[in-house]
Ligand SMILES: NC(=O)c1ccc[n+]([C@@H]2O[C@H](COP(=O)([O-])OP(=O)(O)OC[C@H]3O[C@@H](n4cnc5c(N)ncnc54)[C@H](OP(=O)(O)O)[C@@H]3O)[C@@H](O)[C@H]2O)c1
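Starting off, we have a lone chain in the form predicted on its own, written out as structure tokens.
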Amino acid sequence: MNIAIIGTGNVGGALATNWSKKGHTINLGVQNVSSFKGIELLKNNNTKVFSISEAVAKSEVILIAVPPTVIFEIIEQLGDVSGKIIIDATNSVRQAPDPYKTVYHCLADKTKAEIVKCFNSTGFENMLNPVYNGEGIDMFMAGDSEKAKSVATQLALDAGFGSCLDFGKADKVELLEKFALSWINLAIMQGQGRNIAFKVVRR
């Protein structure tokens, strides 16, 4: 797949690295192509840098991993994303993109893309290495687009996750963000450390 990464920090960088290893073409979309956070990602295979609009134009899939409050500025630079898949990896834990509750809801209102909330429920360390004791941990997703969910599932597996479990439709997006807050609470607030993860087990 041709994947635009908007937000080249910890989460975007970890996923860009793992997806490039799987042979996906990574188009980093940044404000300044000569100086940006995560410039070392250009050392990865199949990875180039462009303006945000150029990266999106070259890609079928767009990962958004930016602070929620800058999403309005990002949307202005996306160009036509009709029919493209947008993966919202943000969390409106501290600040929401007012008047919307989440970035997902903002994107659903302001674009005609196929949108899924995913890659938001754990720390970037688990994005970079999602394997515990030889087994991939779970990723989770929510949203109304089955097409976007199918792609998110494949990309979760390509990143090394054991599965990508469906939290439900758009009405479960906020619940998935609260699930992310649960990880943050355990890992940071309760001092369990960032090398913890969630996995659903069955009898």
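Since the model is a prediction, treat every value here as computed from it, not as a measurement. Quick note: we count residues from 1 along the sequence shown, nothing fancier.
Here the subject shifts to the form predicted together with the ligand, a form of this protein not shown in this document.
Legend entry - Interface residue in the model of the complex among D98, D80, D109, E73, criterion: non-hydrogen atom within 4.5 angstroms of the ligand: Comparing distances to the ligand in the model of the complex, the residue within 4.5 Å is E73.
Inset, instruction - Look up in the model of the complex whether K178 has a non-hydrogen atom within 4.5 angstroms of the ligand, and give yes or no. - result: It does not: once the ligand is placed as it appears in the model of the complex, K178 has no heavy atom within 4.5 Å of it.
Inset, instruction - Answer yes if any heavy atom of G143 is within 4.5 Å of a heavy atom of the ligand in the model of the complex; otherwise answer no. - result: Output for G143 is no: heavy atoms all beyond 4.5 Å of the ligand.
Inset, instruction - Please run the contact check for K21 against the ligand in the model of the complex: heavy atoms, 4.5 angstroms, yes or no? - result: Output for K21 is no: heavy atoms all beyond 4.5 Å of the ligand.
Legend entry - 4.5 angstroms heavy atom contact with the ligand in the model of the complex for V11: V11 belongs to the contact set for the ligand.
Inset, instruction - Work out which of the listed stretches, 130 to 138, 34 to 42, 158 to 166, 144 to 152, brings a heavy atom within 4.5 angstroms of the ligand in the model of the complex. - result: Heavy atoms within 4.5 Å of the ligand in the model of the complex occur in 34 to 42.
Legend entry - Stretch 78 to 92 - residues with a heavy atom within 4.5 Å of the ligand in the model of the complex: Residues within 4.5 Å: A89, T90, N91.
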